[in-house]
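Only one chain is included here, represented as C-alpha cells and corresponding to the form predicted on its own.
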Amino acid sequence: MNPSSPQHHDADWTAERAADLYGVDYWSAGHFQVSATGLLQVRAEIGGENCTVNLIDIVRGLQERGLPMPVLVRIENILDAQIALLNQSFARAIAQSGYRGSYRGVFPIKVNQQSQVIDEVASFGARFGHGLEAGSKAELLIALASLDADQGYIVCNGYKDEEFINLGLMAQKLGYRIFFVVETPAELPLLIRCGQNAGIRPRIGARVKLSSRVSGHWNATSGDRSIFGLTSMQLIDLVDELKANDMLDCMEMLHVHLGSQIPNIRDIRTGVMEACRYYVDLAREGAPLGNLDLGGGLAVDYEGSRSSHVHSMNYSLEEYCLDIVEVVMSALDLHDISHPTIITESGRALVAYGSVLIFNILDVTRFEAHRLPEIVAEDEHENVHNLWEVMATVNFARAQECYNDALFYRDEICDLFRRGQINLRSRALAENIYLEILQRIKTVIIGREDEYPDLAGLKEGLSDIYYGNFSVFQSLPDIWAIDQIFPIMPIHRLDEAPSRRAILADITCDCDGKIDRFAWDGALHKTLPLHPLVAGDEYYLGVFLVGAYQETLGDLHNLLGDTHVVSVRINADGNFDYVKEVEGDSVADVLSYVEYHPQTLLQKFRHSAERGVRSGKISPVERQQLVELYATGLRGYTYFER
C-alpha cells in the first residue's frame, strides 16, 4: 500500500492496516502489537497468558515522574523471553535430532555492557546455564562479578595480557568454567607460562579462521582475511606446542566466528560444516575438545522482509538451531566422534528486541505553498508571471514540460535575486508558486509515475522534515555510520491514516543528523508515513530493536548526552513496574566529559555578570537572575525541554 495514494486516506483505515504498513508482525518477533484503538503495545507471556501494555502509558508515567523525552525504555520481559527462546529452541532441536551433546549460550558483553542488561542476562540465564563472553579485562571483571562460579561458561576472547590471564586462572581455581581462546600465535606461550607459574592447567580454546565467507554487513570477521583467528598452519603449530608441553589435554574448545547478523542460512550451514572438519582432525590429533563454539551470527530481521537482504534474515530461530545441530551431528557421526557441547555467542538476537528509543516530534517543515495571492501584481517581474502561468496549466499530459519550465523560471529568478534585480518578497512569492507547481505535478502523476522517470524523485523531494528530540549520533550511531536500518513508527494514533511522508531530523547542528531510509510495507523507502502534527498535542515515535551496540557506541556530538533510561517489567495483571530509572546526562555531566569543570564555568560567568553590574549594563537583581539561569542550564537535560 502507498500512503500517498488516494485509497490511503479513505474512511476504512484501521489499526490492523497500520500494523501491516509498519510491518509490526514481521520485525517484532511477537513482542509488539497494535491495539484496535491504535496504540502500540508491548506483549509479554506470563504464566501462559498474554499480557499487554501500551507504550504511550509508559511514556505518560515517565512524564508524571519528571522524566521527559527522549527516553530509552528497556522491557525486561522481552530480554527474558529471548534468552528462554534461544535455549529452549536448541533443546528442542537436540531432542528432535537425537543429538548426544548439549547446548550452552554465552552472551558477548560488548553487545551491551550496561549493568541492567548484564544483570538480567546473568540472573535469568542462570536457569539455562547461560554464560558470558569477555573480550577485554574490563569485561572479564564484569563476568566474574555477574556470574556465580557454578553458573555458565565464561569465554575469553580478544587480546589477553598477563594480568588478564592470571585473573582468569585464579577464578578457574574458584570453580569458574573459563575458556581462554587463543586468537594469535603469540598468546599461547604467555598462557602456558602463566598456567605453569600458577600451577593451574588452563582450559584452552583455539579460534580458527574459516575460508567460508558470509554475506552481510559484518562479514569481515569471516574468511581468510579475518583479523582474528589462527590459520591451519598456526593451528598445527599450536597442537605441537601443547604436545611438547604435555598440555594437549588442556585443549577443550574449538572456536570459530562466522560473522555477525548473517542474513542467509546457507552461509551458516556452510560455515558450521567447515568448522566440523577442523573439529574432526583436531580430535584425531588427540585433542579432547568437547566444546564447539560457533560464535555469533544469529540475525535480527530489522527490515521485516524475511529475506537474505543485509538487514533481514531468511530463516527462523528454530531453523537456525536445527540446522546447526544436524550439521554437527552428521559431520561427526561419519567419523564416530562424540557430539560436543555446542556453544553460540548470540548477542544481537538476545538484546536488540528489548530496548526502544522513544522521542517526541518538536516541529515540521513542509514543502508546500502557503498564502498564495489570487492574482500576481502587474508590476511583478516577467518570470514570476511566467511561473504563475505554468501553475495554471499543470495536467498529466504536460507534467514533464511544466516541471522543466518551472525549474527554468525558478533558476532565472534566483539569478535575478543574486544580482539585486528583484527583491526578497518577489523571490518568496516565486518560491511559493514553484512549490505549488511541484505539488500539483506530484498529484496528477500519482499511480502513473513510471511514465515520467525523470520525475521519480519528486515525491521524496517534497516530503516533510519532522524534527525529533534525539541525537542520531548518541542514540542511533549505526544509522549514521553504517546505514543500519531500524524499525521506526508512531506509538499512538495508529487508528488514523498516516497522510504525510517525511524524513526525520535530529536536534544536532549537523546535516548528517537525519534518518532517510526506512523499512515499511515490506521494502526500503526514503520516507516514512507519519501523521500530521496536532497543535498542543505531543507526537511520539519509537525506534525499535536498538538494544545491541547503540548505547556504548553513541558519542557526544553537540554535547547531547545519554538519554534517560528506564527498565520496565510487565506483571501478570497487565500492570507494569518501573524497575529502575537512570536519569540522562545533565549539561554539567557532558561538560565534565570534555574536561570542563562546571563550577569553574559558573564562577567565571559570575565574574562576567559582575562586570556587567559595575559597567551599568545590568542591575544586581538582573545579575542574580542571569547567574541562576546559567546554573539552571548546567543542571538541565541536554535535550529539548518543553
Ligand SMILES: Cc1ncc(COP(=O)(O)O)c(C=O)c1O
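Quick caveat, the model's predicted, so the values are computed rather than measured. Numbers follow the displayed sequence, beginning with 1.
What comes next is about the form predicted together with this ligand, which does not appear here.
The stretch in contact with this ligand in the predicted complex, judged by heavy atoms within 4.5 Å, is 252-260, chosen from 187-195, 404-412, 252-260, 513-521. When contacts are judged by a 4.5 Å heavy atom cut-off, E436 does not count as touching this ligand in the predicted complex. The shortest heavy atom separation between K110 and this ligand in the predicted complex is within 4.5 Å. With a 4.5 Å cutoff on heavy atoms, W480 does not count as touching this ligand in the predicted complex; it lies far away.
When this ligand is considered in the predicted complex, D464 lies well away from it, no heavy atom lying within 4.5 Å. With the partner omitted here, the residue from Y549, Y540, Y153, W388 that has a non-hydrogen atom within 4.5 angstroms of this ligand in the predicted complex is Y549. Exactly one listed residue, out of E139, E76, D267, E345, brings a non-hydrogen atom to within 4.5 Å of this ligand in the predicted complex: E345. For the candidate spot formed by G131, R203 and N291, no residue has a non-hydrogen atom within 4.5 angstroms of this ligand in the predicted complex. For the partner-free chain shown, G295, G296, G297, L298 of 276-306 come within 4.5 angstroms of this ligand in the predicted complex, judged by any non-hydrogen atom.
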